[in-house]
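This document opens with one chain alone, in structure tokens, the form predicted on its own.
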């Protein structure tokens, strides 16, 4: 069930009223939230729910030896291996089966590995990340063992289950375990977040995909190089609008339920280098990769060269996490190589030397490096990516332009320079709404929402990160 679907928009208000009718009893609210979260998972496939419940049951059982046993490190390793095996089986089995089969065939061995049709359970990547943060926090005694219901809700909390943000156990479990009545978040802030989500996902994401991205990526050889370049820029904006719009929406839902989710975006295309980009883009993932992969590998504690190896490994794994495809691995490696080269530059020419010379030039280069990597992220196969790049390199002549690229490049440039002002608009709107007498607020909300919905293209777009 999409959070933008009519079904969800009808059911959520009913759930909301029932949820806050239980406001004096957070325990009952948690029970209701767990039922709702499981219902959301089951709406995709009942088998996904069975997998999630089984996963929760196994990891909760392993919590006790991790917390109480003298060999807690061993039990932690067992639990993490179990979590990773579960993720790898459902997400990567077929990918690795094909690679191993090719290797076996290359050796001349006549054996066919049995194929299994496996559906990727909704949210499996995110509840795996949630659970690993829980297991590590348990080992460090940052948290105690929660009740089974609280643990199950922590893994399945529906606003952040489908595509994050990634919740840390030490930050999110206390929000579940409250004993005093919860309070609804700032309702004007929630409204503005929902409004942003609708504008970004329904309007901007769809317009960019339909008019600039999908046609060109489907058949790049038919387009002029400048059309192809415009498609790359458009995809960079599309994925930002899609993912940050989704994050706005689920953050608003969480606020309406009395919860706060971690911030996931901070003007990423204003980054002045790749290190800065990853402190602004999908922040909950980049900090998770840092804390649970990069630092355990050794971080920066074993010399400059080893630090770069650790960085490269962590960012490549980040690419693989996005999907079982070589395109995602190469996307991760492009970012890894960029960060390693940045570190080498910092070491020999001074930290952030380019940014100090010209912050706008640094932002321009960073944006285009990120855009180059998006080509592999968007392409279904490596062959598609190379075809796309070949068309860009060779189609400057002999192919007619399909769009007024000069106009769109000028618009893009204007947007880039007014970006900081646009980022302040939500706060300004919240302040304006705060000044309206509360009895008129619903009327204002409905008018604004109707204006957006009537101008949005038909259909409900997918959340790109729900596929990961």
Partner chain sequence: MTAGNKKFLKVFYLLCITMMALLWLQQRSINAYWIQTYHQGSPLSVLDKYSAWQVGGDITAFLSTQLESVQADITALNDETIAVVNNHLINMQDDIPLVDNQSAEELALLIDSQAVFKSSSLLIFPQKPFLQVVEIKAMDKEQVITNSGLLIVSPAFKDRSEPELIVNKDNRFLLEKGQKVFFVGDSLMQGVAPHAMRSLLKVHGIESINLSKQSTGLSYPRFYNWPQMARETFSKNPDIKLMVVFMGPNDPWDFPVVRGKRFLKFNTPEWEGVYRARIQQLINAATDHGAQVLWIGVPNMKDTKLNVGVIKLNKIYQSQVTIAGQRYIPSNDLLGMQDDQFVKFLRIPNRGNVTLRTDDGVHFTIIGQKRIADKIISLLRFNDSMDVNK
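All of these numbers come straight from a predicted model, not from anything done at the bench. Positions refer to the first chain, counted from 1.
From this point on, the text means the form predicted together with its partner chain, which you will not see here.
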Its partner chain contact at residue 415 in the predicted complex, heavy atom, 4.5 Å | no
4.5 angstroms heavy atom contact with its partner chain in the predicted complex for residue 408 = yes
Touches its partner chain in the predicted complex: residue 401 (any heavy atom, 4.5 Å) = yes
Report yes if any heavy atom of residue 309 sits within 4.5 Å of a heavy atom of its partner chain in the predicted complex; otherwise report no.
-> no
Contact segment among 280-288, 295-303, 393-401, 145-153, judged by heavy atoms lying within 4.5 Å of its partner chain in the predicted complex = 393-401
Proximity to its partner chain in the predicted complex, single hit among 105, 177, 72, 313 (heavy atom within 4.5 Å) = 105
Interface check vs its partner chain in the predicted complex: of 187, 372, 326, 265, the one with a heavy atom inside 4.5 Å is 187
Just give me the residues of 418-439, first to last, that have a heavy atom within 4.5 Å of its partner chain in the predicted complex.
-> 438, 439
